[in-house]
Every structure is written in structure tokens, then in C-alpha cells.
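The chain below stands alone and is given as C-alpha cells, in the form predicted on its own.
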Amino acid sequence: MTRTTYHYEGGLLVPRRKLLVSALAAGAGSVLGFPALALDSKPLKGVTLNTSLYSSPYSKLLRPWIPEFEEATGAKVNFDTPGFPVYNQRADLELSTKGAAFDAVNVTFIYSSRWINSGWLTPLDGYINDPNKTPASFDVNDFLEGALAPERGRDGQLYGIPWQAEVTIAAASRFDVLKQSGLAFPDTTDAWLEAAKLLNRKERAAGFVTDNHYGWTFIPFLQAFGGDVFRKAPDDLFPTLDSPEAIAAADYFARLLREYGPDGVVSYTSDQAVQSLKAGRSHLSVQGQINLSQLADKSSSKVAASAAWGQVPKGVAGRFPGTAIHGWGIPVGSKNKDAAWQFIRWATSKETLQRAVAAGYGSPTRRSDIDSPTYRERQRVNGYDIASLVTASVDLSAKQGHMKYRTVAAYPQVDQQINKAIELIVTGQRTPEQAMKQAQTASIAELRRAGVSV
């Protein structure tokens, strides 16, 4: 197989033949995106970039393309991709010490406020606005505003470039069974409970399944019941986990899992929940669209022809889809900030992200990718437009601001208390009231230890 060689031009990796043609036409002074450098130079030769991103569909797509960046720039890239919990532990420790171990890192959504507003990441506006470092074709305004917002600090500057916009949506793996029972796709919390009850054990499948990160999957139900995590994030972080609405939501959600979930449901990771749905062993779920869109994969899903999708159910207080934005950022301790920016703008350039979408990436952050025929067509399955569900959820989140709880610095500690509370209720170790009051007390203690005035 003949391997195409690439060069770096104006923020894009282009085949060598195209580069030579354009260089002859425009002159060698503007090539490679580094005007002061010569045509055949390797602008990052001798630089070793240490980058870290948690393992994800995007990281798996990016890895085999990195040699093209290395060949074009001369840089060597160490690309570290541990699992999500391990990544966050390592990155939080490294950033908190302002160490130099990493040059480019994932800005994890739930840590974004803590990392950005603590001064642990480098502002990117100077790079974006410098034509010598960022070509106009990068077009930062092409990213969804709802995806850029969590990457901004209190000073208004941008600290991360989003590569993933994940939202929680709902899915039914065997919608045909639901229709045969005379029910439509459940749109409310009441209808959701009715559907789970009706479907449970039909076709030897559980009625409902979701992953055990309840600080993510439970919150749309909590807010639909009129509850919330804090009194008014981000300004008033007094927890409200013991409110009547929160206790009622926890009782409802735990009932879905305990009465209609598969055996051992509290141990289900997101991947296990998806596999249960794809195999037809579970009927209904609320999870991130990255997971639930996999039900449409004909090569691995037994329910590709029968699956249906919708927005998360609305309750008495409305509809509150979860959104999680992840982006690339530069640690303040990096010794190679300029080179790290070149890597980030390549990894989030229109060319790279279009290539990812063409290869099947399902969580684009650029409007041009979301509106592209390639993406839109792939997201239309069985008459459902998953892309529209995603953009509607991102827009609703930006309009309502209900995700502000998730980017406050101390949320990860509260997140753990929510996980524990739901597990205690599902396993019968605590009543909903006992578990949520325990979570409330523990969250207050965690917040005070973190220096939050509550």
C-alpha cells in the first residue's frame, strides 16, 4: 500500500502534491502555518509533546493519525489515553501542582471550573487571535456556543477547545414491542415508569438499564421532579439533596433500577448497559448519545432495526437533558505551550474533525460537522434524527443553564455522594429519605473541606 505523505499548511494537513502547488502559487513565506519558517522545515523538530486524553471513540480515531502530524511538524507526540477515572485522578493531581508532565490535556467537564478558575490552564485567546499561530480557517466560531461556554473562565477567556459534546438522550431497544402493547415512545416520567413496568421481562429482557454513574444519569430525573444538586449553582452551592423533590426523584429512579433493571444493575458500567441493550436483554435506557447511538450499528446490534430514540423524559418541572463538554487545554506548567497549541488546533481543526465524523465519530462540536450530510444521514435511523435530539438538548441546556451544577469546582465530591445514595436505595440498605439525607450531610462536609462556604 502506498502511504500518502502530508505537510502542514495553514492549520491543515495536506498531501505533499497539493502543498507544492499551493506553495508555488502563494510563495513559500506562508506555508506550514508558520510564516517565518521555510518550506521544507520541520517547525517543531526536536519537541516532544506529552499529551493525555481519556480513552474514547475520538482518541481511538486520533491515535493512528498522529504520525501524520509528527511527520509534518517534526514533533514527537506521546499520546496517553487511560480510562476516564484514572485520567481524571492523574490530571487533577498534575494540574493542581502546576507540573510540567503534560503539554496538552483533556479539560474534563466536571473539573472544568476547578481547573480553569484555579489558574491551572493556559488562556487560548492569544493563540486563537494570532494569525501567525492560527489560520482564519480554524474558525473558532464554528464550534457550538453551548460547547464553548463551559471552556470559558470567569475572565471570559477560552481555556479549552471542545472535541466532544455529549448529551443524555433516551432509547428503546425494542420499540416494536412497545408499539404492539399500544404505547408510544415514553415522553414523560410517568409514561417512562409505565413503559418500564409493561416491558419488564417481555422477550426475556429487563425493562430499564443505565450505567452506575448516577451523578450523570440520575440528574435529568432529579431536575424533572423539581429538585437540583445545589440551591443555585454556581453562586449558592448549598446542597439540596434532601429536599422533598430530590427524595421523590431518588425513590422513582431507584424503583426503575430495582424493580425493572437486570440482576446486578448497580454494577453496570456504561459499556455493559449498552451491550445489554444491543443484545436485546434490556428495553429502555437514558444515557449519553455516544452510547445509545450504538444501538443503530447493524454490525454489532441485534436491535438496530427496532430501536427508537427520544429526548430524556420531562417531569413536572420540565425537561433537563444532561450535557457534557470535553476539550483540549494547555496546562499552565507546560514547557511547550506553542507546540501544544499547534497540536490542539490540528486535533480540533475542521479537517481532522471532518475526518473523524466521516469515520463514524458521533459527538461533533463544530456546527459544520453537525450540519454535514455525512453526519446527518448517519444519524437518521429508523425514522429518528439523533442529531436533532443532540442539538435540541445542547440548545435547551444553554437556554436553561441547568448544567451549571456540574462545572462547579466541588461537584466531583458531591457526584460521589449521589452515586453512593442511589446504590444504597437500590440495594435496600437505606430508604430514599435516609440515603439522600446522608448524601446531603456528607456533601456539606465535603464542600466545607474544599473551602466552600455553606
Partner chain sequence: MPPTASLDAGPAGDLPLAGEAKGKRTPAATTLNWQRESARAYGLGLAPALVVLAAITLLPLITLVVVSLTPLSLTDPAATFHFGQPTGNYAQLLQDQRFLDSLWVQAKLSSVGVLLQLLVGLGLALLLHGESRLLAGLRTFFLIPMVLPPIVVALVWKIIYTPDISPLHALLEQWGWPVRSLIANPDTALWAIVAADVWQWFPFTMLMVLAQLQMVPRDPVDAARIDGANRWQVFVYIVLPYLQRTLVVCALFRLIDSFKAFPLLYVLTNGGPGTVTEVTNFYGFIQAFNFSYWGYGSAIAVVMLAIIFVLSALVSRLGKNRGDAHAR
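Quick caveat: nothing in here was measured; it's all calculated off a predicted structure. Numbering follows the first chain given and starts at 1.
Omitted here: the form predicted together with its partner chain. The next part is about that form.
Note on the interface: of 395-403, 410-418, 382-390, 61-69, the segment with non-hydrogen atoms within 4.5 angstroms of its partner chain in the predicted complex is 410-418.
Contact check for Ala317: no non-hydrogen atom falls within 4.5 Å of its partner chain in the predicted complex.
Contact check for Leu424: a non-hydrogen atom falls within 4.5 Å of its partner chain in the predicted complex. At the 4.5 Å threshold, heavy atoms of Asn132 stay clear of its partner chain in the predicted complex, well away from it. Mapping the unseen interface onto this chain, Leu93 counts among the residues with a heavy atom inside 4.5 Å of its partner chain in the predicted complex. The listed set Ser300, Ser267, Asn141, Gln180 contains one residue whose heavy atoms approach its partner chain in the predicted complex to within 4.5 Å, identified as Ser267. Only one of the listed residues (Phe221, Trp328, Tyr361, Trp120) places a non-hydrogen atom within 4.5 angstroms of its partner chain in the predicted complex, and that residue is Trp120. With respect to its partner chain in the predicted complex, the three residues Gln89, Asp263 and Arg449 uniformly fall within 4.5 angstroms at the level of their nearest heavy atom.
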